[in-house]
Ligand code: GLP
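This document opens with one chain alone, in structure tokens, the form predicted on its own.
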Amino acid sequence: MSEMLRTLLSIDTFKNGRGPRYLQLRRLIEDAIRNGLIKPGDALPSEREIASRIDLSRVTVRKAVQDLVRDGVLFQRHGSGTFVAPKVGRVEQSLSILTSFTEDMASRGISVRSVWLDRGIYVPSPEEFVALGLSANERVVRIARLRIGNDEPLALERASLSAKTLPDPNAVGSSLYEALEKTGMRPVRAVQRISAALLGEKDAELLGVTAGSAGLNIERTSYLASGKVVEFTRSVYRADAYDFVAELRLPPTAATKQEEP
């Protein structure tokens, strides 16, 4: 622990504090991070050491630390301790334009790479069979990737497509939509459903956050111009790094009424 942090975590710091003690400690840690006294990747002292230095109960210290972990300010590694989380710039994605992750990141000047988790042809699950409108004995292609922007894990994408639409899953490079465009099968519209979720242990580990952190579940069904379903994707995004933005407009009749004298 640095000398500056030792000074910061002292009984004197709390002499004139106001409000619940765990909130005072939370603000103290947040201020230290904001002012650069402790930096992303730095380890915090153990709960026992913090409690001892500032004369707080370990329950109070744990509550402050867990609050910060839940909000993505800190993260914990089992057996290693508590660390300051990396700074992740929030990414905004429009809900009014159908783009691939690669295209969306490129438009923001964010470098993208992927870690392949799965890429193969399978017997469809009942959910895939219904969502893709598959016929009997039809196979499904599954593509699962960890999507990384500027070296920060942002999302997990798990796409399912008919094997007739994408006979060779290895044809997909950085962009699924780019591969579909080459065969004339790129979707032109999609329906997305977004819901809040707490990340499970496996997904949280892949995304570099603590299990139980806030996430966004995105379920998307994409269509060709003919109305045929071409893609069924279930994604998990880090809620601390992603915002989805929608532009809302008045319906034409209401807008016309407003313009009338």
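Keep in mind it's a predicted model, so treat the numbers as computed, not measured. Start at 1 and count along the sequence shown; that's the residue number.
What comes next is about the form predicted together with the named molecule, which does not appear here.
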(message) Is it the case that residue 157, even though its partner is missing from this view, gets within 4.5 Å of the named molecule in the predicted bound form, heavy atoms only?
(response) yes
(message) Against the named molecule in the predicted bound form, would residue 177 count as a contact residue? Criterion: heavy atoms within 4.5 Å.
(response) yes
(message) Does any part of residue 99 reach within 4.5 Å of the named molecule in the predicted bound form? Heavy atoms only, please.
(response) yes
(request) May I ask you to state whether residue 147 is within 4.5 Å of the named molecule in the predicted bound form, using heavy atom distances? (result) yes
(request) Have a look at 66, 233, 60, 210 for me and say which one sits with a heavy atom within 4.5 Å of the named molecule in the predicted bound form. (result) 233
(message) Which is the contacting stretch out of 225-233, 194-202, 31-39, 44-52, given heavy atoms within 4.5 Å of the named molecule in the predicted bound form?
(response) 225-233
(request) May I ask you to list the residues of 209-225 that have any heavy atom within 4.5 angstroms of the named molecule in the predicted bound form, in sequence order? (result) 220
